[in-house]
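The chain below stands alone and is given in structure tokens; this is the form predicted alone.
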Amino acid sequence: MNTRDALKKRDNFLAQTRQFFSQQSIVEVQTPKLLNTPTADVYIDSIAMQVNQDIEKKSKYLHTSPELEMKKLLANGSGDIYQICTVFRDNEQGAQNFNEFTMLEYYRLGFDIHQLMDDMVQLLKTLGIEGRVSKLSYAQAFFEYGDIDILNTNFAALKVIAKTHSLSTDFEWIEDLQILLFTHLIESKLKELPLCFIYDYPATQSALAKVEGQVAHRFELYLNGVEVANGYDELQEAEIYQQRFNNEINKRTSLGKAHVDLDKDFLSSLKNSLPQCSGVAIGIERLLSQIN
């Protein structure tokens, strides 16, 4: 595909995306990209910037996701919203990972993750992506493709399984070994499923999703085996966000990574808590690569 055709393809993609959201009265927003606090996520690093060097030499950070800034809007009555923006991440490597890429993030009030997955299927159809839709719980995927009861297998037993597949067991937390096993034993099988949602991850992989019993209500979307989206039934209360942030900060400390401060500005914005909603982040370049 030549440069002109590639640009037209992207332009058409964005126009169709905006039309889809407009028809559902989902409002497009823009939030700040230069933030006072870096991400607390243990495996995502913010890019630091020196600003106002002739005034105060203050450090700011390029956003790794519009998530928290959009949640401030949700907490203040924005209703359903979406955003298409460039995000920035440090220390990225690999064929599918970049320091700078485009993200589509959107939130639907009153939706659980299954309603949001169904909504995404309609978005994909608008963009010309159709095919048999598969929905597998994380546990079901491990049962069917790995013969592993992932929710009831402890850390030591998972290490034994990993060794039988000649995989590393040098992990401090069980969730990292779960992810490695999923990558090596399950992801390759998902290439057989053109449009596949994996949902209800182990509670140890909750990120910022609600937890119920053994599972976190979150999902990932795979197109022909390529992971393109990550969605949550979103946490609502500031206290739980603070617990999750502190957990990530403590993990960063354990790994000797750069210390980050708690995002008190975000926590203070949730005085009335977040409305019940589900949200998803979609990698635009990965999604575009799946469109003929």
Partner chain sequence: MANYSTSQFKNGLKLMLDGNPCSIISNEIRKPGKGQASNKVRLKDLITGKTLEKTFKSGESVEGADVMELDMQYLYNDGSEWNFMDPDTFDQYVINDDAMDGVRGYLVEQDMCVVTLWNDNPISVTPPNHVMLEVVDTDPGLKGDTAGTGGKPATMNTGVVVQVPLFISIGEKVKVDTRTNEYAGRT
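Positions refer to the first chain, counted from 1. No experiment lies behind these values; they were computed from the predicted model shown.
Form predicted in complex with its partner chain: not shown, discussed below.
You can rule out all but one of 233 to 241, 37 to 45, 22 to 30, 262 to 270: in the model of the complex, only 37 to 45 has residues with a heavy atom within 4.5 Å of its partner chain. Among the residues Gln115, Thr183, Asn99, Thr86, the one placing a heavy atom within 4.5 Å of its partner chain in the model of the complex is Thr183.
Between the options Glu130, Asp147, Glu192, Asp170, the residue in contact with its partner chain in the model of the complex by a heavy atom within 4.5 angstroms is Asp170. Shown alone here, Ala203 lies farther than 4.5 Å from its partner chain in the model of the complex, counting heavy atoms only. Proximity of Ile179 to its partner chain in the model of the complex falls within the 4.5 Å heavy atom cutoff. In the model of the complex, its partner chain stays beyond 4.5 Å of every heavy atom belonging to Asp80. Contact annotation for Glu69: none of its heavy atoms lies within 4.5 Å of its partner chain in the model of the complex. Each of Glu92, Arg218 and Glu227 is positioned with at least one heavy atom within 4.5 Å of its partner chain in the model of the complex.
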